[in-house]
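The data below hold one chain only, encoded as structure tokens and taken in the form predicted alone.
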Amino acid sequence: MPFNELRIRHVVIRPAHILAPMAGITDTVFRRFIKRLGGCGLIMTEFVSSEGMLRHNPRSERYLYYTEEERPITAQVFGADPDHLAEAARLIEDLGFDLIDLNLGCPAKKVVKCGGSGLLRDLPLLKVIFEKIRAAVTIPFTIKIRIGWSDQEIVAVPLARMAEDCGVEAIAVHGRTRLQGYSGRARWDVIAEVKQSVRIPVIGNGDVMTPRDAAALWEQTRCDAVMIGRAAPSNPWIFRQMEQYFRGGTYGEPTEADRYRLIRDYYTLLVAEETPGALGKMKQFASWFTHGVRNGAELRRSVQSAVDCQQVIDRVDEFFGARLAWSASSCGRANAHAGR
């Protein structure tokens, strides 16, 4: 069965479905939410700056907060100074993370200036960084890359081979270049080339929006795991759906009641955890979580105009309460008619 299990040294990832790190999204509340829905074998923090960590930036410290139910968990770090990255890696190991991952894929300009996919243009510096981090920690060390800076600078294969030689233990490959951003199609053929070129596990990433996409990725690349990014906020059930699909060839779609519970439970958890900027996150996630909801635009408008967190929850209750009550009464009338 595709993506049944992945082992990165002593860390067992089962199933081999991984939540990608996403800035402003994969905080501890969202990660726990994904884990509770099922089907996700490994989660990753939002990427954190090595420089921010060494300055004890409160935001960096918040990014690295996690709970035991999130294990196994990876902390992802970015930066460009080898010694600072090594020190940040030691701090991450001291915090008890199961793995550490180096971000070599973020295309954002402010990140590229000090790491991320900008390092794809400097393989000699990357070699030093790999060696420094590897020497600094005993936990598994992985990397997440894009295939290159541009179509003229595809470096995925030589980079993967160098990483393996330096002790990197797995590599996630997003099949786009930095200049592509999130446009165009991900090049799964390059992911396949990387898989054929190294012995360490290769994790495929890019354009996997459904379980069938995940199956196609495996067929074309034979990669060892699948990483889901942008599909997760709009369909948090995708990990569970992939597990169902690979076991039985079909998967369930969430009902309206499922979507109501999803939205309400997530919002309630945000409030309970006193998440910084909780109201903003509620409004941000409304556009994703209402994907597939009939008349979802009405709910989105209602949430966007709310002035506090409780008002958001009340409006969600009101929206779905009326719909579910109507659905139940319709079902009751249909059953009564059928019984005549």
Ligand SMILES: Cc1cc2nc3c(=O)[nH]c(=O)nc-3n(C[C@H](O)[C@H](O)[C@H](O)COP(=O)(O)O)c2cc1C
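Numbers for residues come from their place in the sequence shown, where the first is 1. Fair warning: this is a prediction, and the values are worked out from it, not measured in the lab.
We do not show the form predicted together with the ligand, though everything after this point is about it.
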Gln76: touches the ligand in the model of the complex, heavy atom cutoff 4.5 angstroms
yes
How about Gly229: is it within 4.5 Å of the ligand in the model of the complex, going by heavy atoms?
yes
Tell me, yes or no, whether Ala20 is in contact with the ligand in the model of the complex, where a contact means a heavy atom of each within 4.5 Å.
yes
Spell out, yes or no, whether the shortest heavy atom distance between Glu243 and the ligand in the model of the complex is within 4.5 Å.
no
Just one of 203-211, 134-142, 84-92, 249-257 has heavy atoms within 4.5 Å of the ligand in the model of the complex; which?
203-211
Between the options Phe285, Tyr66, Phe30, Phe47, which residue brings a heavy atom to within 4.5 Å of the ligand in the model of the complex?
Phe47
